[in-house]
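Below you will find one chain, with nothing else, as structure tokens; this is the form predicted on its own, and questions on how it binds or moves follow later.
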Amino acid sequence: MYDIAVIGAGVIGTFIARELSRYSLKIALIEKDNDVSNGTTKANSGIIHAGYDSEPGTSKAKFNALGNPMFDQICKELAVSFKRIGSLVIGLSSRDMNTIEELYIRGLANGIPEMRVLNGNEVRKMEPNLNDDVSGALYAPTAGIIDPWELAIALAENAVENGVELLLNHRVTAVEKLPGGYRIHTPASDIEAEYVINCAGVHADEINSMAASTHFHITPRRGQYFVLDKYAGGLFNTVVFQCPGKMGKGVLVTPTVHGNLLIGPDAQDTDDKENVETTADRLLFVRESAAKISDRIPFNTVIRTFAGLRAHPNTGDFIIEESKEAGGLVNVAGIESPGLSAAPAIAKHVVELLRGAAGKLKERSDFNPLRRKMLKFMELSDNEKAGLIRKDHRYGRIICRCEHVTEGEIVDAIRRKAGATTVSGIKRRVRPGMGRCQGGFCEPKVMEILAREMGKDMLEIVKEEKGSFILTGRTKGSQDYEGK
């Protein structure tokens, strides 16, 4: 029996698993998909919010304010890209400026440092590509940008290195109460644990209802995005928001940590918890909304569109609590924006909840908070590249020409703890397929490397989910293919 089972390997689940791995506990991290970070984590804005937006006194406000300053140390330990570039909430009218004043006052109540209200000239000096009708803005220099799936992958790696067992392709079908714990049923195997932490994202209400009565509901809220080529990445220096509305923070424009420009999302509630399709009408809405920020956005440089689902709770706030009906079941649900920003503080709070429920937790003397850095060949100097190639010739073979990703980087991504097993898993870890051609040239080479390293036939390699095969058979060669 495990001491603790964490259900869901998104950024919340991986943060909690890594935080718990500091203690002498037997921990299982259970994920329904082929890889970590496959849900909301892989399809969001990647922003570490300053913390002025949430209503004072809410869990959103509390954990955002606590979580934001933790990212510098965490990202240093995990070798994850993170940049504090600041954010602007721009005003286009006197009504917007009243909202900005309210956000400023709210931010003060939440303890957010260094905020300033700027006039139109000050804003355009910071961001010369904004439209001329911008009349002012709230500036929050502590906001930042991050790669959310890189973070979750790094957290999972570090957790596994510290003893957490990662169970992929374990979709939870039932949660059975036992004397002194729970039995979690999955098609792959059953898992028994004394405590269960529910971090299942848009499915968190379903997991809760397997063990207790339904007392909260999650609505999937779909958001669609544009990704622009790195040519457009320098158009803005900060994260630029419009004034928030009832459906959230609205369409934003932000540079990414990798140098692209990201635009979105819209907000559309849906009943389908798997629906991440993009639609022409909503993408048009995103484009028209972004034009209110700047009419200089070069949409002719779009390289990809995508959609993600946020877990919107009917409570209006994060749900972080032990179930009153099912002792030992801790729900960490409804973690929509600013959930990414709040994640490290949420993880520490969950540990305290467990400490209160289980008693004293014994800290490990051998916990290692450091994750080995992934070499990024394109960021090395010429001398460093030459030295690396002398040590390992695979770093001299470029697989992805857009992002200058080498075979050595791909092999490293596969062989690590919680390593990649799919084409998308490689893409998220070392970025082949993230560039202008979106995998048009490098994907077959990535598949070859995956097949070789995993001892599989190329026909067995999948794009993302289990069963998402790319190849169906051979089209060339003198011999018929017989599945060998």
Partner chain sequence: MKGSDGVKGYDVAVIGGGPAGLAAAIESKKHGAGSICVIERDRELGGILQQCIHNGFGLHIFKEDLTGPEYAERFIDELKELEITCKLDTMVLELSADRHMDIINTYDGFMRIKAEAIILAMGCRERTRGAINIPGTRPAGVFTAGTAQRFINMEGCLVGRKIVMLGTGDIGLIMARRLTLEGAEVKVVLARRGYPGGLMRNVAQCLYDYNIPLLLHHTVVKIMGKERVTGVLIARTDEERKPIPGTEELYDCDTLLLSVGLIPENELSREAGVKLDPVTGGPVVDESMGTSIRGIFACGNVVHVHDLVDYVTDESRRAGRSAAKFVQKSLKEEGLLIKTKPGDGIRYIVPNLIRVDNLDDTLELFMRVSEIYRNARLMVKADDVVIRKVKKMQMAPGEMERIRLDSKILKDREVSVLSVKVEKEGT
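Computed from a predicted structure; not experimentally measured. Residue numbers count along the first chain shown, from 1.
Heads up, the form predicted together with its partner chain isn't pictured, but that's what we're talking about next.
Colleague: Honest question, do G111, F236 and N260 all end up within 4.5 Å of its partner chain in the predicted complex by heavy atom distance?
Modeller: No.
Colleague: Contact between S59 and its partner chain in the predicted complex at 4.5 Å, heavy atoms?
Modeller: Because no heavy atom of S59 falls inside 4.5 Å of its partner chain in the predicted complex, the answer is no.
Colleague: Flag L459 as yes or no: does it have a non-hydrogen atom within 4.5 angstroms of any non-hydrogen atom of its partner chain in the predicted complex?
Modeller: The answer is yes: L459 has a heavy atom within 4.5 Å of its partner chain.
Colleague: Is there a heavy atom of L178 no more than 4.5 Å from a heavy atom of its partner chain in the predicted complex?
Modeller: Residue-level check for L178: no, no contact with its partner chain.
Colleague: Does any part of G396 reach within 4.5 Å of its partner chain in the predicted complex? Heavy atoms only, please.
Modeller: Taking the distances in the predicted complex, the answer for G396 is yes, it comes within 4.5 Å of its partner chain.
Colleague: So its partner chain isn't shown here. In the predicted complex, which residue out of R183, R124, H404, H312 has a non-hydrogen atom within 4.5 Å of it?
Modeller: None of the others qualify; the residue that does is H404.
Colleague: Can you work out which of Y139, W149, F226, Y195 has a heavy atom no more than 4.5 Å from its partner chain in the predicted complex?
Modeller: Of the listed residues, the single hit is F226.
Colleague: Among 260 to 268, 208 to 216, 95 to 103, 376 to 384, which stretch sits within 4.5 Å of its partner chain in the predicted complex, heavy atoms only?
Modeller: Only one stretch passes the 4.5 Å heavy-atom test: 376 to 384.
Colleague: Listed by sequence position, which residues of 277 to 301 have a non-hydrogen atom within 4.5 angstroms of its partner chain in the predicted complex?
Modeller: Sequence-ordered list: E277, T278, T279, A280, L283.
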